[in-house]
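Just one chain follows, in the form predicted on its own, and it is written as structure tokens.
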Amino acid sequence: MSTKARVIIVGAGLAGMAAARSLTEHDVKVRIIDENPHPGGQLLRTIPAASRSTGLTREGPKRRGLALLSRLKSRRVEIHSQTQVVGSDGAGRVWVDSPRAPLQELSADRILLASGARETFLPFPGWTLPGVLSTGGAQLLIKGSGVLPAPEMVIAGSGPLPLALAREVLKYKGRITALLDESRLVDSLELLKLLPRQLPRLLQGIRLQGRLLRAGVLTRHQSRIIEARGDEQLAECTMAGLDSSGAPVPGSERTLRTPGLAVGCGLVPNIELGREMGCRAGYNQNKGGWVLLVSESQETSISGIYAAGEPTGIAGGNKALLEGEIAGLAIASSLKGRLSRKDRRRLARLRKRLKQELDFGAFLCRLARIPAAGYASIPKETIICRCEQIRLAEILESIHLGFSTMASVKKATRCGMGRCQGRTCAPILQEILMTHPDAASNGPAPLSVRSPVKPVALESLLEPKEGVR
């Protein structure tokens, strides 16, 4: 791998691929770095050959993503899979780690961050048991390997991911014991306010609900999993109804026997690399929490560094495609000079459509958001930080002692100091602090970020022995 490129794109999802296409149309050489085995991100996790037989290509963003992937392959765009960017000097140089080579330093004239998002959760006793996994993890297993996590499952959480997983489980002939949605049914109907622009999504949701009903799966709204139990393996879980504040209703508990439970409560942007580069971030609940702040050209506060897709806000595949295309055109303009009149008109159309997708994204984030009463109802014995086995009781005790910020609680308890570097527990800890009376007045503040932003094997930091590659 050469050490210099005109443009490095971090992430081969929809945003990264859309940007790459725009850049190659303007004869700009692109290098894409992606940590997954195949390009396409989570939305195209299914192998393209298999997707045609499962109806995947009928859906807009996925169909366009497959077309993008084919276009990039035909143009021989340089894509490095199973490779991750673990740090940067903030001046156009990044450090790249892969299992095939020692840590490398690469440089580029422009860098685009299209690093996607991850799930967030509302912890409950037993959520660390084998057999309990995230909705995204379950989808990854099904789409990537064609394997069901369990022959029969309970699916729970908030936002669109539980429904999307239910569709995959049925597609692969699995059974769903219960589909539990934290939100109220009336919350979903808020999509009607966005008609007629969002009519295709409304019809898609109606079709999916019809399929679930035909399969005998009834979605239970205002319901939550409050405990999972089993001896070394999940055997059963307890669900409960929720009141108008989002707290469990005493006496509504019901036990469900199941070998598999998938839970998820929406997405949070992956912005750690951007923040390590020095890019400004801001907190916005309607965009999924902490996001990278960008201009209308998708450029961050650091000149030459751009961001597109989920790092700028959660809003789905169409928004990622639009922002990627905008970023690609903007980068091409900065490298090659003034855009043609045709491209300027194209940019204007893209930005107009992006506004519509941002409205939809705000709806998605409101639908997925867990109310304060949900975090206030977490039992004190519940593990919050899975890596360091830190329980809520320890966090509450540290707050009582005066540690009322993310950084101070981390130092006091080690919450967020494990292998995942706070990716799982930090959004949960933030919500706990924002709802606690002794800490809420401080406002949200993210954990600090430093290189490496992803775990790196020690052997990657060593010089290769002579004669060994």
Partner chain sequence: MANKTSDVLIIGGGVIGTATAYYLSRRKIRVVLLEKGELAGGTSGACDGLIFLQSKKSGLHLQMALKSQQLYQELAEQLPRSIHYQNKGGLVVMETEQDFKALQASVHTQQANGLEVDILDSRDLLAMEPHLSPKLLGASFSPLDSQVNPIAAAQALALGAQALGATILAGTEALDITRTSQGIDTVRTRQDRFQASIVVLAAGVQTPAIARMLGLEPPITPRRGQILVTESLPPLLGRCLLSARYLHAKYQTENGAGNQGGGVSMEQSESGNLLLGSTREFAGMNRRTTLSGLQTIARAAAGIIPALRDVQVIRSFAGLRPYTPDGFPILGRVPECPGLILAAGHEGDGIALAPITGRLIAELIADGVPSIPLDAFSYERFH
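Residue numbers count along the first chain shown, from 1. None of the values given here were measured: they were computed from a predicted structure.
Just so it is clear, the following notes concern the form predicted together with its partner chain, a form of the same protein that is not shown.
**Interface membership of Q42, its partner chain in the predicted bound form, 4.5 Å heavy atom rule** = Close contact is absent here: in the predicted bound form, Q42 is far from its partner chain, nothing within 4.5 Å, heavy atoms only.
**Message:** Is it the case that L401, even though its partner is missing from this view, gets within 4.5 Å of its partner chain in the predicted bound form, heavy atoms only?
**Reply:** L401: contacts its partner chain in the predicted bound form.
**Message:** Given that its partner chain is not shown alongside this chain, does Q421 nevertheless sit within 4.5 Å of it in the predicted bound form, heavy atom to heavy atom?
**Reply:** Flag for Q421 set to yes.
**Distance check, L103 to its partner chain in the predicted bound form, heavy atom within 4.5 Å** = Heavy-atom contact with its partner chain at 4.5 Å: present for L103.
**Asked** Thinking of E182, L189 and G374 as one candidate spot, does its partner chain come within 4.5 Å of a heavy atom in every one of them in the predicted bound form?
**Response** No.
**The single option of E276, E299, E119, E357 touching its partner chain in the predicted bound form, heavy atom within 4.5 Å** = When its partner chain is considered in the predicted bound form, the option within 4.5 Å is E276.
**Request:** Quick one: from L66, M434, V28, M417, grab the residue that has a heavy atom within 4.5 Å of its partner chain in the predicted bound form.
**Result:** That would be M417.
**Stretch from 425 to 433, 33 to 41, 405 to 413, 66 to 74 whose residues place a heavy atom within 4.5 Å of its partner chain in the predicted bound form** = Of the options given, it is 405 to 413.
**Message:** With its partner chain taken in the predicted bound form, which residues across 75 to 105 come within 4.5 angstroms through any non-hydrogen atom?
**Reply:** In sequence order, S88, D89, G90, W95, L103, Q104, E105 come within 4.5 Å of the partner.
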